[in-house]
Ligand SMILES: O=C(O)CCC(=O)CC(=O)O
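Given as structure tokens, the chain that follows is alone and in the form predicted on its own.
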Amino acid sequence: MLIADLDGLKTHYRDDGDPHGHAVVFANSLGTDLRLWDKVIDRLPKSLRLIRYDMRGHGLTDVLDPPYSMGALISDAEALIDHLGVKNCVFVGLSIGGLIAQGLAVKRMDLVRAMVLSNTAAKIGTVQTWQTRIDTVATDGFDSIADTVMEMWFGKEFRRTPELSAWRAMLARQPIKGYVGCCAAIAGTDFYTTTASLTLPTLAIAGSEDGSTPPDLVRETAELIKGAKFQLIKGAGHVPCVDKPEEYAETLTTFLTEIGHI
């Protein structure tokens, strides 16, 4: 178990693979912890340095009082990468992690040489939809949204497997303060203008059955970035790294090879 003290925020992370290899940093989705990437990490080349972490308010990282700002989440990722002495990483961000990727790429070009925007967008939802989510979870807990979230997260095939119960439990065990704090960060984020200024190599990944960030929304964000590539994973939901890990890892490996990161 690795904990980094980032200006008082004790952040849980993992650092796998070759410590001298080219770095890939993973930022996970709302309501999950770094185990989101387990199936993909095992399928990537061992020559890479693979870093993942629990964002504030999630997993084993400190829970601060909400609301959180997207700027704070971006600064957390920046501080961890600096702490680990990493330069020129590929940043893989899923959902809220993809918003962090976009913001960090604008802020620190020296840290991010390429990015993977997975199941995300330059703007996700509206202030009202996120406020409704915050109010519901704060009042009624995760049981009030868990079934709906599972339908958005996973494709139909995966939802028929026993593993679904483990992911429902992961959501239910996240700290409510951390969850609603990150909801507030998403609600306040609109990166259309800044993301359109980016020119770094970018791969956008979407799941055909994603009920949170549908393929057209992901494609629209990819089109903001000159030269960005778009990949649709059929049968996958909002977290294709879980329900389609083989295809996800293959897609990621191909991109890393094409940009010379492997």
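If you're wondering where the values come from, they're calculated on a predicted model, not measured in any experiment. We number the residues from 1 along the sequence you see.
This next part talks about the form predicted together with this ligand, which is not shown.
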message: Using the site C-alpha superposition to carry this ligand over in the predicted bound form, what's the verdict for this chain: open, or blocked with 3+ ligand atoms inside 2.4 Å of backbone or C-beta?
response: open
message: Looking at heavy atoms inside 4.5 Å, which stretch does this ligand contact in the predicted bound form, given the options 68-76, 162-170, 129-137, 107-115?
response: 129-137
message: How about Ile186 - does it come within 4.5 Å of this ligand in the predicted bound form, if we only consider non-hydrogen atoms?
response: yes
- prompt: So in the predicted bound form, does any heavy atom of Thr221 sit within 4.5 Å of this ligand?
  reply: no
- prompt: Counting only non-hydrogen atoms and a 4.5 angstroms cut-off, does Ile124 reach this ligand in the predicted bound form?
  reply: yes
task: With heavy atoms only and a cut-off of 4.5 Å, decide whether Gln102 touches this ligand in the predicted bound form.
output: no
task: Just give me the single entry in Val40, Ile51, Leu203, Leu30 that has a non-hydrogen atom within 4.5 angstroms of this ligand in the predicted bound form.
output: Leu30
- prompt: Taking this ligand in the predicted bound form as the reference, which of Ile96, Val180, Cys89, Leu80 has a non-hydrogen atom within 4.5 Å?
  reply: Ile96
query: Looking at this ligand in the predicted bound form, which residues in 197-236 have at least one heavy atom within 4.5 Å of it?
result: Ser212
